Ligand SMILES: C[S@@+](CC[C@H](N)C(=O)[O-])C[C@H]1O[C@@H](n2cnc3c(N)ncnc32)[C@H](O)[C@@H]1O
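Below you'll find only one chain, the form predicted on its own, shown as structure tokens.
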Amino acid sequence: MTDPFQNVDAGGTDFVVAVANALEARAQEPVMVKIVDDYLDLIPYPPGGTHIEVGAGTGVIARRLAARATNGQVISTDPSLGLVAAGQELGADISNLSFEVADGGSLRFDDGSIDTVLFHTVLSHVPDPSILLAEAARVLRPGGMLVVCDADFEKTSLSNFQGDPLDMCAKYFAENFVTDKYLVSKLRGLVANAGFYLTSFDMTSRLITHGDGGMVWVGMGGQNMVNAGQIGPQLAEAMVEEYHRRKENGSLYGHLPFATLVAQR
């Protein structure tokens, strides 16, 4: 199947809401807070600077970027009308943050006019990341900063034992809801080919031992199997129940490595 994150609006209102909720919830996980804080600390914030997040979804990361860039402007872009509308509502009271519906491969900004371009879990969901990276190189000023944070979906795990049905949901999600689950392994080469100078490349494991972070895999994966006629709704519901059982008894265990790459134009 085609990665549904390539066109979120095509999934209908319920899918847009589910994605929005998942993005907001994931960003609140302590490990994700630290990952984002660490790369936001590396970004310079010159007076009057302009920083853009491409594929920003609800703007949950852009809001944190705007809190740092108080002497400049942050623009949160996404191709989804539904996610941009949700972002506008959530960020309505942030004066230096604006939202736009935009294709990351064709931005409206002039050459060399942007100080920072950020991609947070975007490039693994697009057919050709080189197009977005080339556009980032075009709009960034000399010395401008590129930040990419993405998941190594090939290593997605929610397994407690061999043949664990919850792990099958996680693997199914990586196979059907991600365009390139090997994106992270290619990232340094893609960035270099786009004309960037790599300054750092780090990995952090997103552990899932409590909360509903892994429910995206179980819920969306299970529902998609039901829609495809591969399993019945009773089994999908049972996997959701099993997830909550593990969460409650302390046996929930999952992980997903996240890469953070920083480069300069």
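Quick caveat, the model's predicted, so the values are computed rather than measured. Sequential numbering from 1, following the sequence displayed.
Keep in mind that the form predicted together with the ligand is not shown, yet the notes after this line are about it.
Handout entry: Contact residue in the predicted bound form, from M145, V184, L132, A170 (heavy atom within 4.5 Å of the ligand)
Key = Answer to the contact question: L132.
Exercise for the section: Identify, from the list V122, V139, V191, L166, the residue with a heavy atom within 4.5 Å of the ligand in the predicted bound form. Expected result: Answer to the contact question: V122.
Problem - Segment assignment from 108-116, 155-163, 124-132, 92-100: heavy atom within 4.5 Å of the ligand in the predicted bound form - result: Heavy atoms within 4.5 Å of the ligand in the predicted bound form occur in 124-132.
Problem - Distance check, A263 to the ligand in the predicted bound form, heavy atom within 4.5 Å - result: No, A263 is distant from the partner.
Handout entry: in the predicted bound form, A236 touching the ligand (heavy atom, 4.5 Å)
Key = Because no heavy atom of A236 falls inside 4.5 Å of the ligand in the predicted bound form, the answer is no.
Practice task
Would you check, heavy atoms only and a 4.5 Å threshold, whether Q6 touches the ligand in the predicted bound form?
Solution key: Output for Q6 is yes: heavy atoms within 4.5 Å of the ligand.
Exercise for the section: Decide whether G72 counts as a contact residue for the ligand in the predicted bound form under a heavy atom distance cut-off of 4.5 Å. Expected result: Output for G72 is no: heavy atoms all beyond 4.5 Å of the ligand.
Practice task
Determine the residues of 13-39 with a heavy atom within 4.5 Å of the ligand in the predicted bound form and present them in sequence order; the list may be empty.
Solution key: Heavy-atom contacts within 4.5 Å come from L23, R26.
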